[in-house]
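Each of two forms of one protein chain follows alone as structure tokens, named structure 1 and structure 2.
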Structure 1
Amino acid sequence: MEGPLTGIRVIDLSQYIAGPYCGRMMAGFGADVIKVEPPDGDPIRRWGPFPGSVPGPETSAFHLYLNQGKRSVTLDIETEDGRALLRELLDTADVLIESFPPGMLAGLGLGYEQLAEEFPGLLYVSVTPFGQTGPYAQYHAWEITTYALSGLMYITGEPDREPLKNGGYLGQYGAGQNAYIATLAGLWERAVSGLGQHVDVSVFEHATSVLEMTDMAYIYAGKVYPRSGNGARAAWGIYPCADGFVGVVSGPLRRWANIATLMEEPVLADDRYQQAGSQSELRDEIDALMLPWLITHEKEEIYQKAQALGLPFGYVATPADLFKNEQLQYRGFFHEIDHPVAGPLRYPSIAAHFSDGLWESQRAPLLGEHTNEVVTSLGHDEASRARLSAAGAFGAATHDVSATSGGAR
């Protein structure tokens, strides 16, 4: 299958999550993404979980997900030969993705200003915690750092407790999506100008952008939203039920009486509870009326009955719930991909469907799997590859299983 990015070559020097996620998106849409890894691999290969809880560089769940559809080449860019080979690759490339601390690649002669003169059409995409400039540019950060500084943590948690970090790595994935969209825009502009440019993506700025509503409330009204825990500024909350937790949402006030119908509690239909703001002010009363019904019914039953009444309830899904979710199954969100080491596993797709295909999911590469293939394509014969290997340009011995199949749409 040829995707919309077929013919675009991406050199992915990035590590961990944000940059590799950008590369993964590009690979899914048909770009030839060559993941250039240090001799011991992207550090994400050593992050669990691992199938069977047995650590290994080929079976990290993060690596298997983030590097789908890429080709892996090991290069030691600390060596002169490694840098020379990288330049040969860049001479064939449209995009470079990197996530090193600002200035580090420039110290190796691989900074944007240095490469722009040599490769004027190259789109140089940097994904870092704080961006390339400013007083924080050289600061270290991880997910909790950007959550805290962005203000996301300030509005997360119970009002009388300390702020909480959001689960997972949403800041990293969001920055990766920003990098992907910015890369597409850069390629589009290059089609007109013929010139590349430096795309500077900040994880911190992405996390801050998520707060647009609370920022606007402060800018325009001087209002500071407090933490509200599982309750909210409207009729919303997470409540226990017989087999887990369910999210109660009334929607518009005109639907509040439907909650009384659902929970077989006529008192809930009282006009007192149907006034603007009353669900927040009288929350303790409302909770006392709802909880007896909720804790005697199961989450799936509550969800289905509420939806039938036009109430946008939801339930807190466990991993087991997610994999048996009939909506996701119907739309084929999870699909199986075989891998020569990890074996057949289910992977999430993207949250978009195309009538003409366009997106393809393939397995992640083994460490250095495509080194010989890619270096040979640059014109290096066996003797040249042997010399480069002896000089340490590639690091450790690489896999030679480029003929192994295992991709799946």
Structure 2
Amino acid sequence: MEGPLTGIRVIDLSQYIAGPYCGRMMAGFGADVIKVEPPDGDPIRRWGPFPGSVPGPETSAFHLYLNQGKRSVTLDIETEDGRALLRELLDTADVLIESFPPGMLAGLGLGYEQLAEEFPGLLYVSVTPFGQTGPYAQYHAWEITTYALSGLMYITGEPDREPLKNGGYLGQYGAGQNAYIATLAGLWERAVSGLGQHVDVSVFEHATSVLEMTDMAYIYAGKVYPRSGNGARAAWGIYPCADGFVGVVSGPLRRWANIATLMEEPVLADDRYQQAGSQSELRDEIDALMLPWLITHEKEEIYQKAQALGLPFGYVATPADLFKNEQLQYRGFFHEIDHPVAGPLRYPSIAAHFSDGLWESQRAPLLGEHTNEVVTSLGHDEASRARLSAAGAFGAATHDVSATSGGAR
């Protein structure tokens, strides 16, 4: 399928989550994304979840998701021949995505300034924890580090307990989401100027930028914002139900009476509760009136019935719940894709319907699956490939690139 990014070639040197997520989106919209991996693979291949919890480089759920639609080429860029091949690839490319510690690629002669003259049209996208400059540039970070520094963690959790990290890797995904926007904006401008540039994306700055308004509370009024747990507002927050948890959202208050209707508890419609609104003093009383109904009903039923009454309830959806939801089924959100090692699995697709289509879900590549075809396409015949292989450009000499299957793409 001809996609909006068809004709754009991306060399994706990035590892783990943020950079690869950006590359995944580009691939799904049609770009030719060549994932250049070290000989032992992107380390994300060693993170699970794995089928039956048995690790394997081709079956990491992270890898299968984040590298969808890409081609995989293994190169040892610590070797001169590996670097030479990377330059050959960059000569054919529009975008480079990388996530190495600042200065590392420059140490290999592959920094932005070093490449800019040779490849003036190249958009060089770096996605790192703290960006390329500033006092923390060389600091190490995992998800919890940038999350803590951003201010997001301090406001998550109970006031009398330790700050709580949000589950998953939202800072990483968010940085990747921003890298995608920034890369496409760079391509938009490049179409006019013909010039590439360095795009410096920071996970820390992304995470700080999503602080809802606590930064403004300090900037405008000097207020230090505490954690507030699941909230002190009455009838607003996470409540238990028969099969998990639901999100009771009692606003807008003009619909308050509908909560009494929903929960078959006329007392809840009482004026004093209605006027209580977001006041916390009546929280316990209101909870006592709501809980008997909530814990005897299931989340999907509560959600559907509440919404039918115009109440913006939600529920705490687990992955199992997501597959059962009729709206997600109606929209065809999950795409089943087969994979030669991991087998058929349902993957999240894209969060929008485009009137022109545009998105295509494809599987992740096997490690080095496309080394042979890509290197051949650069004009290296069998003898040349054998020489590069013997020189260690693809990693240990035992890695027989000529025998690598081309695979189906």
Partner chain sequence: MPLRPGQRGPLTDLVVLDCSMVWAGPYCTKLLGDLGATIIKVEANRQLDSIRGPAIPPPSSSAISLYANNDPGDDPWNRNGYFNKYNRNKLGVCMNILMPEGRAVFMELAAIADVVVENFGGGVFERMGFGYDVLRDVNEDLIFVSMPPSGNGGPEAKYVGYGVAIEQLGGIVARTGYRGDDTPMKTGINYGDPIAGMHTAGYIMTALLHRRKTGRGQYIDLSQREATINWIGESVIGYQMTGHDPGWIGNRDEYMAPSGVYRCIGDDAWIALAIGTDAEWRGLCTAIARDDLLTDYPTYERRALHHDAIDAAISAWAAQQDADHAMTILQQHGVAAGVCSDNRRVVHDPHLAARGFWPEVQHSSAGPHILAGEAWQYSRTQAAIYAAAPALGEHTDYVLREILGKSAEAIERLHEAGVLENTPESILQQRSQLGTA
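All residue numbers here refer to structure 1's sequence, counted from 1. We call the rigid core whatever largest set of C-alpha positions still superposes within 1.5 Å between the two forms. What you are looking at is a predicted structure, and each value in this text was computed from that prediction instead of being measured.
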| property | result |
| --- | --- |
| Identity of the form predicted together with the partner chain, given as 1 or 2 | 2 |
| Post core alignment: E264 C-alpha displaced by 2 Å or more between structure 1 and structure 2 | yes |
| Large Cα move at Y225 between structure 1 and structure 2, threshold 2 Å, rigid core | yes |
